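As structure tokens, one chain now follows by itself in the form predicted on its own.
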């Protein structure tokens, strides 16, 4: 395809030699190809704009008849009816209809009727026999005329061939071109922008700038799209708000080991606190700002027990509690919020939730990433039981459309009793763990200063796995990372469970 500059040069050269171009449909490019009239229009517009006026042009609209693919094939090789006649041998025996169809295929079925109509053939039993010695393939002749002239003198012929879908009427647009008042063989390149060099040299004062087209719409910017994970996240948030929850602040990815582990009554020698499971910071490496009295009570319950517990019986070290980490769960935020609740003069029941990123030193596979989102909620009130937790989980997941749940007893350092929550994943064909839950232990709550009658039910869920179930994704690496299908993100509507 010729460029705009090449087409401009072609037009200007011909105008210089001949003065006018009566019809651009006859133009031939330097590589002996017909000029694309749409591309030519762009070149003519550029040459005729007000600040150039190098050429003038007028539009010519013509209606011409063109052959379809089938029409071109007949013009080259003959009509279906002519092929049927040519296939029938000379003589009274003719050819069996079944044999004709084996030779010509679909052509026999189409051409047979036309050959009968033209009285070229007759039927003799199950055979077809020639009724005339020779034929004139008028269909082929008519199509050749249309192809060479763009029309036909007989309108009935055009109507019949169009009915057979061998030709059709097309509108052809071309242009007549003449010299403009500023005609020249040299195209002055117009500046589009004021550059730094122009300002430095003063060239901007005399430069010929291209006029700005205020009517041009430009390329519409592509809008942003919500990731499926963010759609499901918003669904979770709306469910929590509907059930009367308050969102916790989770804007700190870096947390101290004290709030992430120790305040949750998780021992310092627990495997989850090892470098194989947790990301530790090097700079800064520690935090030293903790509530002094609360720190002492946490140390005591770990070391010697209290609140009806014997503790873990080990030498609790402040150095371990001070280590900064990338939080392994948002329960660190729940712990801090419950501590603040305990400092209130009068206890009031609360419902807290959070949805944010957490970090584990995991090996990446189809269902695990080193970074994922946790959906966490806590309810603090007096007289809560495990039945309240199970009932809430069923209600919560039913609102998402997930009804196939199972609960399995589990162990957590900071909850007793504890339960794992499972849902059946149709794509993976197995039960998938959705999260963990339980009732916070007295060893965690009472050192904060909460009344012994206060019970807290809590749960932590993954955001990624419910999203995978909703969108039928089998591999978490297709939800996050370089394997994500961007078209899926763009096309999926706002998620509604």
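Residue numbers count along the first chain shown, from 1. On a predicted model such as this, the values are computed, not experimentally measured, just so you know.
A second form of this protein, the form predicted together with a small molecule, is not displayed here; the remarks below concern that form.
Undergrad: Tell me, yes or no, whether residue 455 is in contact with the small molecule in the predicted complex, where a contact means a heavy atom of each within 4.5 Å.
TA: Residue 455: no contact with the small molecule in the predicted complex.
Undergrad: Does any part of residue 433 reach within 4.5 Å of the small molecule in the predicted complex? Heavy atoms only, please.
TA: Yes, contact at 4.5 Å.
Undergrad: Any chance residue 425 has a heavy atom within 4.5 Å of the small molecule in the predicted complex?
TA: Contact check for residue 425: yes, within 4.5 Å of the small molecule in the predicted complex.
Undergrad: Residue-level question: is residue 44 within 4.5 Å of the small molecule in the predicted complex, judged on heavy atoms?
TA: No.
Undergrad: Pick from 36 to 44, 456 to 464, 59 to 67, 23 to 31: which stretch has a heavy atom within 4.5 Å of the small molecule in the predicted complex?
TA: In the other structure, the partner sits against 456 to 464.
Undergrad: Quick one: in the predicted complex, does every one of 257, 260 and 303 get a heavy atom within 4.5 Å of the small molecule?
TA: The answer is no; none of 257, 260 and 303 reaches the small molecule.
Undergrad: To verify the annotation, which of these, 372, 279, 116, 392, has a non-hydrogen atom within 4.5 Å of the small molecule in the predicted complex?
TA: Filtering the options by heavy-atom distance leaves 372.
Undergrad: Of 73, 362, 319, 242, which one comes within 4.5 Å of the small molecule in the predicted complex, counting heavy atoms only?
TA: Looking at the other structure, the residue within range turns out to be 362.
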